[in-house]
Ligand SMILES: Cc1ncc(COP(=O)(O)O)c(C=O)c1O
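The data below hold one chain only, encoded as structure tokens and taken in the form predicted alone.
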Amino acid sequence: MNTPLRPTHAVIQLSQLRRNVEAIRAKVSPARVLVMLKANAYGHGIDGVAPYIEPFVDAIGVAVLDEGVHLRELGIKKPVLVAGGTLPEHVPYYLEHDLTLTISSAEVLQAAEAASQAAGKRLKAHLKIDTGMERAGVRWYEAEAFLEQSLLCKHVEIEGIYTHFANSETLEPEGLEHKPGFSYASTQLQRFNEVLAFYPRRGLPPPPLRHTANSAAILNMPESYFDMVRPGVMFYGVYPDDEALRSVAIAPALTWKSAVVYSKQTLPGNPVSYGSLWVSDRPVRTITIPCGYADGYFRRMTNQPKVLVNGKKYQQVGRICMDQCMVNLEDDQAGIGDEVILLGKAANGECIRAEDLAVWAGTNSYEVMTNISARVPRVFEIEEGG
């Protein structure tokens, strides 16, 4: 392991990411697996994650064009689907970098056909159908004209068609059981199937890659797998929701570490940090950790989170600063350089979960991971034989 210059760093166990992929593949087979590496691989560091995981996946998904270009610059050869919206004038970049375009409108479809014809190259594309997310894509009740238009495009290879669920993680009660009810997700799936019925009506096969399943649908809705699935947060070892079924065994791959840089006794009546938001009524040992909101350790968590110091949980106290925060050790001791874990598991099994930080910050685990800032070094580890 390369030693980072900062005590605050994130350790990524790449071998655990591979195990997560293998568990997902075992669940969804024979469907293909496209892993989402958007947002710097959900904060895990795309430069280290992508080259390692490429042999174990069928395709990679990103959100924006420059993420796809960056993957090609890293030497990634597998198909890369850019799932976010694209302006028509940016379509030629997909041809230049061999990226798969998501076509969410008739205008982008027209631009893709024109760019492909001009370049003399076939552009690979997936059609995006909005079945109820109301974010991007051609709405299901307007899809027939869109699909008719796609049949007229002779220079674009329509490789796939897909939709995105709005709430496939939700469990709803039915009788005395908790069953994946997904009243809305199942409605979306029904709408998607209705759109797909266009092809047999025309005596045509559908595009070869039909896909709908995000992480929650992989766990909850086997009927949504089709030809390919798109794991995001669960690839990184985090379940998408407390209510989602644990039907695939995964584990987190990231540990956010730091170290004690200052230790002192704080006397009663002496407030800690900006705003004087915490004060002890007795002498206590407080430590300073070189991690703050500029690192993604949310300021709004002030006085709520716990951290692990030498494997034991302690309370963060005082306003979280831009670069530092303080922790109350009560009557315990810690020396300069002692290990601190902000997110992850200690050797003794104690852990701070992304879900814990999400509760303290009033958000979700996705934002927790993707907000670990770029100035936090990522250290990539591979187990022996992994």
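Residue indices: 1-based, along the sequence shown. Just so it is clear, the model here is predicted, and its values are computed rather than measured.
Just so you know, the form predicted together with this ligand exists too; it's not on screen, but the next bit is about it.
When this ligand is considered in the predicted complex, only one residue from R210, H164, R285, R191 comes within 4.5 Å through any heavy atom, namely H164.
When this ligand is considered in the predicted complex, only one residue from R32, K38, R319, K27 comes within 4.5 Å through any heavy atom, namely K38. Within this chain, S150 is remote from the site of this ligand in the predicted complex, having no heavy atom within 4.5 Å.
Heavy atoms of N214 reach within 4.5 Å of this ligand in the predicted complex, making it an interface residue. In the predicted complex, this ligand lies within 4.5 Å of some heavy atom of V233. With a 4.5 Å cutoff on heavy atoms, A83 counts as touching this ligand in the predicted complex.
Between 38-46, 65-73, 346-354, 323-331, the stretch whose residues reach within 4.5 angstroms of this ligand in the predicted complex through a non-hydrogen atom is 38-46. In the predicted complex, R135 is the single residue of 118-145 with at least one heavy atom within 4.5 Å of this ligand.
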